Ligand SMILES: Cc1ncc(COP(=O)(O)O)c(C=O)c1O
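One chain is shown next in structure tokens, namely the form predicted alone.
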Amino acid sequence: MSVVESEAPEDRPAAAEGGQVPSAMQYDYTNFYFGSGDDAFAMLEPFSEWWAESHPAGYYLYGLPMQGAPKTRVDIRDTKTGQIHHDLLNFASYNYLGLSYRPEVKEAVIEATHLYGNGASGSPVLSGSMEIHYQLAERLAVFKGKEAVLIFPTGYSANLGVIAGLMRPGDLIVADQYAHASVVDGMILSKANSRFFRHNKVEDLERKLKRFDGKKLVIVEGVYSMDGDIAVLPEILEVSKRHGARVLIDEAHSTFIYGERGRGVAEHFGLDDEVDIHIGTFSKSLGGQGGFVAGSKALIDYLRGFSRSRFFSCGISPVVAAGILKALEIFEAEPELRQRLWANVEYMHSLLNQGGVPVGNSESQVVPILVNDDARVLEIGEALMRDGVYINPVQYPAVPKHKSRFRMSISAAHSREELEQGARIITRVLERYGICPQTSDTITSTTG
């Protein structure tokens, strides 16, 4: 293969059980980022050579077609063999409250289709705004306790549009090092001075802030999407305010889950009014698609004209907006959904701990299963699927090199039996690869 080695052979992780690591799996996308010569297509041929070998060797595990709704059990098509794996335990979906497939949500979508058709067919600033979009924005503003909300086509575009729409060259943005790629891309697009502070280390944040005079923005996440821990928001706010910095919190994985009313981690700490900019998404707990920013009316009015990722995109589909509105209504009417989710989170954490599964510092419904073997994580994912579990493998650049993992998502819809079965399968497979020191027999049921 025409690739450049990114690391010396002795620096690579040792092969786990299963024999020699296929040569293709010793490389990844990072080996094909730069190419020599003047042709923009210079890397296509060596990449194609690698992909022809790596895809059947295991890289196919990404983007496997689900055959129905993201319920707790799913059928998945194996794109390597064409086989349909039936009745897999689904720990891959962000559908944390099980709302995406609720009958009431589907009926709301159907009714909206009769009224609006399929898509918005226009930018929100031109013909792409419909009455239901205004209803959703107003309803969300009430829910978040903010003056106004602006809706974006995706959560990614919300971060991109807000950060680049607000900050300018010469300003300073300091983000947690584990901030989402959309935050990073928004920082790049803004052309502001961009810095990162070590994860949840406020002393490092302070060092970055105190060296700068001018406009400053600090960015954190509520729940960190690859580690499942939460921002140390009280300390971050104290340091940020002392140095005159505004604060943005991305609550993609924590809105509708944390806080007394489900507003997020900021509410959880009683700091809702101290945070300047609140970002959220519809694609997780509400089971829809899109993103939003909540804040003061002055902020929202300004971003309406300067958030290019919204200004020049089509508005979200009105049928999706209808489903989100209904999901929000169910969420507020059924607080037991969150209670059930938190009970499931606590139970699954206890089961994985019994089995010796390494989950880092997770304290949420996002549970990293730490493999730390870039060459083997996809092979292990294939073994998990064969044994009955569908779960997402994660490698660099989503996480640092040699910090590969599976990201488990817990749902309120999971039964105790499904959690127990999933924990046993995961523990058993990881034990075969030398990752779990204990045996699956140590996992005990409390369901009788």
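Residue numbers run from 1 along the displayed sequence. No experiment lies behind these values; they were computed from the predicted model shown.
Here the subject shifts to the form predicted together with this ligand, a form of this protein not shown in this document.
Not displayed here, this ligand is approached by H180 to within 4.5 Å at the level of heavy atoms in the predicted bound form. Not displayed here, this ligand is approached by T281 to within 4.5 Å at the level of heavy atoms in the predicted bound form. For S225, a non-hydrogen atom is located within 4.5 Å of this ligand in the predicted bound form, even though that partner is not displayed. Although the partner is absent here, Y116 lies well away from this ligand in the predicted bound form, with no heavy atom inside 4.5 Å. Among F196, F143, Y156, F269, the residue placing a heavy atom within 4.5 Å of this ligand in the predicted bound form is Y156. This chain lacks the partner; the member of V367, A252, I236, M348 within 4.5 angstroms of this ligand in the predicted bound form by a non-hydrogen atom is A252. Contact annotation: this ligand lies within 4.5 Å of heavy atoms from the stretch 147-155 in the predicted bound form, the single such stretch among 147-155, 316-324, 161-169, 70-78. Looking at this ligand in the predicted bound form, residues G186, D276 and F306 place no heavy atom within 4.5 Å of it.
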